[in-house]
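The chain below stands alone and is given in structure tokens; this is the form predicted on its own.
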């Protein structure tokens, strides 16, 4: 058959699809249109090649706005979509959903951030902002012409979740996940479950007993089929990706067998400060934190055990930590690592220098040790007057407060401190009615349901309120010799127009805020991020509120930020719902924005492998071509984050990131820089 003669058995050539671009310039509720002349932008961009329709709307992210886009796709044959609106991080998923509902591949859509990139930064230059918007939208159209339909990356998913943290959030998340038929492994670093909640005596606003609530929750968790619990354990290795994380858990021994536990505990003489009581008391290194704890068997505090033998019935017994290493596979990881109370600096409000200055958590534990009917004492002296100072370690100001170790101040509100202080003041008034109580505060933020009632009850209970400004806080000093009270609190009271007052007290209580727990080992292993407040950072506050940027890593409770118990439980249930939705089908889908290698251009020089920042994302493999062994770069999509480091390193332009190819970048740059006289012409 001659070379140019068509083969009658060959399929007919497919005609390339006509590109029809729909362009949508959003007013963004005035955020864009107050600066950018959106109608003018739409008119000019509508003249570009392949643009079939160009519209504006006050809010394309609204249901009505999305309906306009969907209708154009269906009725006008739009097969590429460009939307100029707010940041892609806010509504990219919203518009992908609209495009998908209309029957178009969701990756045939490009988002232009006109708000953050234009109107908000050029508010004083309306004409310049309008021209810039035209050029940005033109670049979006240029890219849209080169978009290809993509499919998400589909991976098998192990129907098992790992929950790190055995406090109230971790317990709730584990229970909710297991009830969806997904196996759960719960890992708790301490020997006992319960976390910070176990250290409380009552919880607001219901005044319920927290350890009883914990007992009920733990009982439900331990009775639930499919939950494995490792206490005194920590995650020491993580690899893999969403759906298939390989986890290494190292579990320390409890150190005492059930049959020897009572005898060893009785014979043990070594003591250490008790962290359960915030070092107000001491306990043995073989211990239980409180009666009714879980597990019920005592454990050894290996951090403080000195290795000396214990004499039991004439025998010398040396306790051994025979650690076990567990290997498991998990499809998702829930981080419920909790928080730590802020530890005031030496000398902050007299802390560490004046023995009468303590923290609110210490006061709560101290009051738990005082029997009903007894007088509240401190250092052996009765407490007649106490001052509670709010916002210690929270709402700090740059230039006023001393930074933390990382150079930052805790400028966030810890949310729970106000109500916790008021709740404790009420309890003090009820148990010790003759006690004078002062609340020194910046603002009372009793925001939760029932919290305002606690505030009103505290006011009616004759607790005295003094308001200070954050840049002019109270000063705590030792009283002069012979003064009937040991400590003086000096403060300007802005409830009385800045009058300087001096409050003599026996006890100063610092209402300390929440600090992010030091989990740097997990942060490094999982390659996750912290926010500006140093708590673990969610991927998106609205659209992905409990997920992290690393797929398959989910947040629960105060690992994410300050929360009260009710909020922690709600967040834990949300985390469980996300884990269940991710794993219930036994497979996961990931966005396709990963590197792709063109084997025809790759010569196997390995520059991409050297530049890659993600372990296992790209590697050289050996192939046979025309009888010759050659090396080519191969991408593992599940490990690739689409950062593009390999693209810049490749000398042959053999690698592209899907949906962000070099050709698309070239087209966008050409569009931005194009000579388009009409672009800057003022419309009459």
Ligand SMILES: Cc1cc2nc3c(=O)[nH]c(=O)nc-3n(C[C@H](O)[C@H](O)[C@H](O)COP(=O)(O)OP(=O)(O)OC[C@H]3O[C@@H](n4cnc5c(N)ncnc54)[C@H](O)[C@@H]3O)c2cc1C
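Residue numbers count along the first chain shown, from 1. These numbers come from a predicted model, not from an experiment.
Below, we turn to the form predicted together with the ligand, even though it does not appear here.
Although the partner is absent from this view, residue 384 stays clear of the ligand in the model of the complex, with no non-hydrogen atom inside 4.5 angstroms.
Put simply, residue 568 is close to the ligand in the model of the complex: some heavy atom of it is within 4.5 Å. When contacts are judged by a 4.5 Å heavy atom cut-off, residue 169 counts as touching the ligand in the model of the complex. Looking at residue 94, you'd find every heavy atom of it more than 4.5 angstroms from the ligand in the model of the complex.
Only one of 285, 376, 178, 364 lies close to the ligand in the model of the complex, with a heavy atom inside 4.5 Å, and it is 364. Note on the partner interface in the model of the complex: the residue among 517, 544, 431, 145 having a heavy atom within 4.5 angstroms of the ligand is 517. With the partner omitted here, the stretch from 483-491, 470-478, 578-586, 550-558 that lies within 4.5 Å of the ligand by heavy atoms in the model of the complex is 550-558. In sequence order, 336, 337, 338, 339 are the residues of 320-343 having a heavy atom within 4.5 Å of the ligand in the model of the complex; the partner itself is omitted from this view.
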